[in-house]
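Presented as structure tokens, the chain that follows is alone, the form predicted alone.
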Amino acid sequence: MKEDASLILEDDMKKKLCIYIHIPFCPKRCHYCSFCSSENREDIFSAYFGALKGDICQRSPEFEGSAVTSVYFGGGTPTYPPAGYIVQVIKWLKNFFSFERDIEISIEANPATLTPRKVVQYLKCGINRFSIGLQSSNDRILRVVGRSHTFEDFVSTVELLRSHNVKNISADIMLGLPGQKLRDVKKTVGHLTDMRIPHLSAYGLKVENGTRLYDMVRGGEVALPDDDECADMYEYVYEELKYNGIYRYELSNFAALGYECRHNLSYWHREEYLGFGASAHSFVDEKRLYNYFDIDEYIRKARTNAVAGWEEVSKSDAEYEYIMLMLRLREGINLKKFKKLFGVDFMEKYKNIVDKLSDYFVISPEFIRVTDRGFYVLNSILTEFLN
């Protein structure tokens, strides 16, 4: 028993990190996508993962032995390349880091990119959480935004995962898509609750300059729902999921108890993380580092230094970031922790703002958080703190 206790104590003393791995490949690029991703680049899979190995080997020794609490494979579509590449990445990480016993390892997946063989390989290497990009259960809307799957593909993917006893499944949906109506959102949410998906992310569409959708909107090819319609969609998602035991733990994320995404919670708590891959970001010692965005440039430079630049976060920026991130969470700001981190009393420093917006806050001696009503005007609340 003494030996076990010492091991636990040793684990607790290790530096804690979470790790993000960017896989920038897709079978087809969605019309709204502004992320670092490329379609039909199977010819550079080997070169990219070779560069990724160089990136990990070049930067990890500084953190060797750190305890990794979560790994997240994002993209792109990480389940598009052969699964053996992902298996190798996890092996490379284990050469430098200590994986915690209850580590969460997530992988993003588009429906129809998972096969029985891939699922077996992912499970064997430790992946235990699958985040599936559904966006909508309306096939017409999926075609308009350039998705490469149907709703039936999503259903088949969930059935495949459950046939291998996978329980930790998340689904992404989007609100404000071209031609989307409240009835479409109701149907999508109804399908997900009927399927008992334990985690759901609901993101508002952002039309970014340089995307195909941006040109479609400007050219009048498609029309978007207005702000009031989008607000109604979000309100419905929140109320319906709550009724079904899926609770909002962050502005855009909802989960049954015990199925919250630990990796993303690390981001929102401003914990340290390392990012490997093209365009990946890291946050260590109050410094934000970012890798080369262009995939080919990343491949050329990753073996020596994948980091394109970095910036130091000032104390005032760190304080605002903490407020912004914690108010997005259901738990809100822990007042004791805030004072420990920043050396000031939150309620004293921000008394004027709290008094002005008191209808939007729940306050106790231990914490301050926004009310359900406050989530609908959160941007306005955060602007007050920024100013």
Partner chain sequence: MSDSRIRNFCIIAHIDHGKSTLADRILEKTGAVQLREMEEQLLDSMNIERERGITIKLTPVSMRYRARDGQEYLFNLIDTPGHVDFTYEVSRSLAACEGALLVVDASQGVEAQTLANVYLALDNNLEIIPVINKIDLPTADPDRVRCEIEEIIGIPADDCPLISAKEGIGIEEVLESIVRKVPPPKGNSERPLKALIFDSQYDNYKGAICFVRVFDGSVREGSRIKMFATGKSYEVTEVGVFTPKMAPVSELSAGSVAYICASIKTVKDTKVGDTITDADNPCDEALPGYKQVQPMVFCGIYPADGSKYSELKDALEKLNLNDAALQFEPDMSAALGFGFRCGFLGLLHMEIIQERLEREFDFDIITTAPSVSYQVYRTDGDMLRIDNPTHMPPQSEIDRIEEPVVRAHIFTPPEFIGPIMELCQDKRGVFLDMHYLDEKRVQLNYKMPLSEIIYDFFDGLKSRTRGYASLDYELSGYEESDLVKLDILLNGQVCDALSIIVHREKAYARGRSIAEKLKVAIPRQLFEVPIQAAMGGKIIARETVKALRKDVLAKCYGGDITRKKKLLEKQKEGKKRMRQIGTVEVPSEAFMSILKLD
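This one's a predicted model, so the numbers in the text were calculated from it and none came from an experiment. Residue numbers count along the first chain shown, from 1.
Although not depicted, the form predicted together with its partner chain is the subject of the following passage.
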Single option in 49, 338, 360, 350 placed near its partner chain in the predicted bound form, where near means a heavy atom within 4.5 Å:
360
With its partner chain left out of view, which of 166, 256, 195, 231 would have a heavy atom within 4.5 Å of it in the predicted bound form?
231
Within 4.5 Å of its partner chain in the predicted bound form, all of 15, 122 and 130 (non-hydrogen atom)
no
4.5 angstroms heavy atom contact with its partner chain in the predicted bound form for residue 273:
yes
Is residue 204 close enough to its partner chain in the predicted bound form to count, meaning some heavy atom within 4.5 Å?
yes
Find out whether any non-hydrogen atom of residue 279 is located within 4.5 angstroms of its partner chain in the predicted bound form, and reply yes or no.
yes
State yes or no: in the predicted bound form, is some non-hydrogen atom of residue 108 no more than 4.5 angstroms from a non-hydrogen atom of its partner chain?
yes
Interface segment, criterion being heavy atoms within 4.5 Å of its partner chain in the predicted bound form, picked from 317 to 325, 59 to 67, 339 to 347, 41 to 49
317 to 325
Output the sequence-ordered list of residues from 115 to 140 with at least one heavy atom within 4.5 Å of its partner chain in the predicted bound form.
none
